[in-house]
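Following this are structure 1 and structure 2, which are two forms of one protein chain, each written alone as C-alpha cells.
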Structure 1
C-alpha cells in the first residue's frame, strides 16, 4: 500500500542527477519519491508540511553546503534519516557530515542495488558507506587529512566575493568594512583552508562545498 512505501526526498544541484535518481528509485516497489530539489531552502520548506522518511543529500548545493543542511534537517526533523550522496571523496567532508547527523555517505558511482540496499540499511538505524567510502575511511594514509574548514558568516561572505573576482577595495565597499579587515579575512581563509594562494583557496573551498 502507498502509505507503507519509503518516502524519499532527493536533493542535488544538478537536475539531471535528480531525474536519474528518481527513475532508478521509482521502479523499486517499496519506495516513493516524495520530492526533488536543487537547493536546500526549498527542501527545508517542503519538510515543514510533507512527511519524508529519508533524504538523499548532495554536499555541493547553490545556497548552503550539504554539511550545514544535514545539521538543519536533523535539528528540525530528527526523525528523518539523512544519507549523503556525493562526488566529493574528501575524508574530512565525510567525517563532518556524519558528525552533523548523517546516517551514511555514498559516492555517486554506486550501483542501483547498492543504493537501494544502503537506503534500507540506513532506515534500520545503521550507519552505511559505499565500498569506496569504506576504503577512504579505513586507509591509514588518509587519517591526517584536515577536516572541513569552519567559517564565520563574514568569512563566507568574503569567500564568495573573492570567488567572484572582487578586489579587496571592492569587497570593502560591498560589505562596509575596512580594507584592513578584508585583508585579515583573506589571511584567515588561506590559513583555514591551508591554501597558498587565491586559486588554491577557491579550489579547496569548492571541493568542500562552500562554493
Structure 2
C-alpha cells in the first residue's frame, strides 16, 4: 500500500532534530518520509516535483523565515498541510504562523506520542497544538493581543538605549531631546508592549525580536 502512505517532508535546520523526527515517524506504519531538509529553499524546489501530504516545518531556518515559508507553501500548494514545529513559544509568532495557513503549532519538547497524534489530527483537517502551546494561547488577557508591537523608529531607538541600562536623563542627552520626550516614548513603549515596567518591557521586546 505504498500509494496510501502519508508522505511527510521534514524541515529543520538541526540535522539531529531531523533524524529524531525521522526515527519517531518511521515506525508509524502509514507514514513515509518523503524528504528531509535543513533549509527552506531546498524544500520549495522539492515540492515542485514531488507530492507530499504534510510538511513539518521549523520556524527558525537559515535562509527563509519559517512564517514566510509557510505562506509560500500554502500559496503554491494549498492542499499540503503545514504543521509548525519550533522552539519559539511566543504568542505573536504562533498566531502569525496560523494566519499564514499552518494547521497547528508544536513546541520542540513534544513527546513522541504527541507528535504522531498531532500529525494525524492535522491530516484530518483540524487545527492542533501541543500542550504547552495551548497554555500559551489561552494565556490571560487574550484581549488586546500582544501581536508583535509596531514601533516607530524613534521608539526602537529609545528601547535599545533602555535595554543598555540608560536612564531617561541619559537618553535625553544622547538623542538631544528633552527628558519629557523620552518619557513619552517610554510610556508609549510600555503601552504597546502591555508592560507594567521596564523589566517586563525588555522581556517582551526580546521575545518579539526587538532586542
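Just so it is clear, the model here is predicted, and its values are computed rather than measured. Superpose the two forms; the largest set of C-alphas matching within 1.5 Å is the rigid core. Numbering follows the first chain given and starts at 1.
As summarised for this chain, the first structure is the form predicted alone, and the second is not. Put the two forms on the same core and the Cα of residue 190 is off by 2 Å or more between structure 1 and structure 2. Shown in the overlay between structure 1 and structure 2, fitted on the rigid core, is a CA shift at residue 201 of 2 Å or greater. Relative to the superposed core, residue 43 shifts its CA atom by less than 2 Å between structure 1 and structure 2. When the rigid core is fitted, residue 157 shows a C-alpha shift of 18.2 Å between structure 1 and structure 2.
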